[in-house]
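This document opens with one chain alone, in structure tokens, the form predicted alone.
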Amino acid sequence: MNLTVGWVQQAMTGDAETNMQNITDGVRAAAKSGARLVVLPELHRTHYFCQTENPALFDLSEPVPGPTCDALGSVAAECSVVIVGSVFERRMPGVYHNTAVVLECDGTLAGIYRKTHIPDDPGYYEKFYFTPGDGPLYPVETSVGRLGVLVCWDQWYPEAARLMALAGADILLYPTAIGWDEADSADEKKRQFDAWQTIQRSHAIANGLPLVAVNRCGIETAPDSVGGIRFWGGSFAAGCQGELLASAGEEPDTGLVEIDLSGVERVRRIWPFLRDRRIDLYKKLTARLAI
């Protein structure tokens, strides 16, 4: 079974309505080109506000379902596509999440995933804003397959990808917001980008699953931040053996890629990693340290 997947790689402005208009226009363009599933970047409604710690920015949050789900659901139904979007979710006072939302092709909310691994690095102060998701690490059932949706920082953790695979995901999807510090050297920037792409391609290989990662692009400078972040774009798709199927550059891009979901069966027959796992030896993986 072939699945045509689109992505909308965008540079975000300071205006939420403009961002959502650009995003929905991108969804329409991808659908017109044949996409049945469209994946969006992380936190695509606003600037990447986590560059600073500011309690007033919690006002950017919204419920799920809420305005972003309504807008994405409307365009999903209009274009008959499944959409993976992203919301700064207000779950209750004092509990906020970085939440991926999956809209079915009839516009209904098929499921959500709350980001599990939360970073706290210079320019990425997400622990100030987001409560870690309380699971489960389980794919969302849709008309185009079982979507193993994870978010950005989750992409560095093989455990998250593996659990999605063990739960029967057909594909791994990563809405993302990652970029460079402009003070970094060209060599350091290349090392970071290569590591980012390599770790995700390794998840595809280790689990015998296709994978799509969708990033934002452009320079964003939040109030009181220093230097801002140049989001590097680079959205890409990999096949079940980690092969690079399609990729974007650093500019806004509405990409399209054809993914053979039947490749999962073929690849797992020749590389039966799941069969040969020594689960009897892995108990210490649930401990902080194994010493």
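Numbers for residues come from their place in the sequence shown, where the first is 1. Keep in mind that what you see is a predicted model, and the values were worked out from it rather than measured.
What comes next is about the form predicted together with a further copy of the same chain, which does not appear here.
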query	finding
Gly135 within 4.5 Å of a further copy of the same chain in the predicted complex, heavy atoms	yes
Contact flag, Gly94 vs a further copy of the same chain in the predicted complex, heavy atom cut 4.5 Å	no
4.5 Å heavy atom contact, Ala195 to a further copy of the same chain in the predicted complex	yes
a further copy of the same chain contact at Met1 in the predicted complex, heavy atom, 4.5 Å	no
Interface residue in the predicted complex among Ala167, Ile219, Ala77, Ile112, criterion: non-hydrogen atom within 4.5 angstroms of a further copy of the same chain	Ala167
Whether Pro119, Arg191 and Ser202 all lie within 4.5 angstroms of a further copy of the same chain in the predicted complex by heavy atom	yes
Candidate stretches 211 to 219, 102 to 110, 79 to 87, 137 to 145, one within 4.5 Å of a further copy of the same chain in the predicted complex by heavy atom	137 to 145
Partner contacts in the predicted complex for 276 to 291 (non-hydrogen atom within 4.5 angstroms of a further copy of the same chain)	Asp276, Arg277, Arg278, Ile279, Leu281, Tyr282, Lys283, Lys284, Leu285, Thr286, Ala287, Arg288, Leu289, Ala290, Ile291
